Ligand code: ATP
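In structure tokens, one chain follows: the form predicted on its own.
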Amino acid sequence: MDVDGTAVTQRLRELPGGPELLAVAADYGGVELVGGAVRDILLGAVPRELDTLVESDVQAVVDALVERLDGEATVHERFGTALISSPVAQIDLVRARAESYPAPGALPDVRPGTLEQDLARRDFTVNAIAVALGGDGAGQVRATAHALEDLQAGRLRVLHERSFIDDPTRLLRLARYTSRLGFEIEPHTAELVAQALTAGALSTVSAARVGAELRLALAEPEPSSAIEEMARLGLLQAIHPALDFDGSVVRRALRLLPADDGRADLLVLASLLLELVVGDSGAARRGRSGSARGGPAFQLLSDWQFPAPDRDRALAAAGTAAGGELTAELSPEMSDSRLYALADGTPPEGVALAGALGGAESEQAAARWLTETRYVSLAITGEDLLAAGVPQGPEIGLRLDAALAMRLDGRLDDGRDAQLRAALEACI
């Protein structure tokens, strides 16, 4: 594959933050565009971040970019990295380094190195390509063996035999890149995947690091595709034997999920937890509340360090779909009042999963809830009932619920007076 490095730098000039990066590179030696940024530009895509390698004074380059971009820098001194964020761009800088692994699955020990050493430490050949941005060598392309031919062929290949043993999170990244790029896995790399799984490589990685990789997969434009690839490669079972993924169910659920308040990432995450939640008998009884604190699903998401709001919403969705009355009763014949009673307060991800698990007729009922029924409301409030003489207490809510049920089932129009009368006359 012939690569014109000058064309890469010209394209960089058109991207947010690119002109500023090129201007700084002109003032400092040894600044290279590298990794995913080069890969994506060569594929005709827009890079998510401008991955940049610096062989000289990293801090000076960071300071110069922060000033030009009016941004902020987050520096990780242990790994010689910095993330520069600004309103217009995000640039990842890394000091050229060599690294070694003190034990399988451990974080690497790093030391300053050359560009060649830095490229050799990377995960896959297609991410080990660099283009010089400044100086006399501007536009020069350097890459590891096979990198350019693998990029042209759409192939993912690790750089050395122990790659997945040294850093088993590369297994999860392999699934993510396979899904996002549509690349095939090079045959020997596939053999190394199988060998690493047989050796229990993922068990050597902390739960926090596994969680970080899962969040990256769930943040992909097609999170279900990334997780499905993990399942295909056997990675989910290696992470936890109760993790399971049914791609056909998830795709149906995603079609039901509303765009305004549904989250595809949490629906996919909840789908992974279904077997764990079914095994938590308390969660099965509770249904809408999901797994109990301290239960296996709760503990797993906590170990993975998912933010508490995301953890709790995914658990509630899984509990709704796996163990609640909603899943058992969803049908086109279900009245809107019954649907409301069962689904109110549940996350949309749970209703969508419940519908998909139940088949076509359940999907119809779930779609009705997600698009229509949950938006039905009354023109009266508890204040109206208090003003009409209803004493403060549970009776207020019971009368409002009775009026809403009538409204949902088409037995009450949307007029305020009719609704107030119905609430006051309700038998509770």
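Throughout, we count residues from 1 along the sequence that is shown. Just so we're clear, the structure is a prediction, and the values are computed from it rather than from any experiment.
Another form, the form predicted together with this ligand, is not on view; read the next lines as being about it.
Proximity of residue 313 to this ligand in the predicted complex falls outside the 4.5 Å heavy atom cutoff. Looking at residue 39, you'd find a heavy atom of it within 4.5 angstroms of this ligand in the predicted complex. Proximity of residue 92 to this ligand in the predicted complex falls within the 4.5 Å heavy atom cutoff.
This ligand is not drawn, but in the predicted complex it has a heavy atom within 4.5 Å of residue 177. The stretch from 381 to 389, 358 to 366, 395 to 403, 46 to 54 that comes within 4.5 Å of this ligand in the predicted complex, counting heavy atoms only, is 46 to 54. A single residue from the set 204, 169, 337, 81 has any heavy atom within 4.5 angstroms of this ligand in the predicted complex; that residue is 169. The partner is absent here, but in the predicted complex a heavy atom of 122, alone among 142, 155, 122, 252, sits within 4.5 Å of this ligand. Contact check at 4.5 Å (heavy atoms) against this ligand in the predicted complex: all three of 35, 127 and 173 pass. Using a 4.5 Å cut-off on any heavy atom, none of the residues of 194 to 213 reaches this ligand in the predicted complex.
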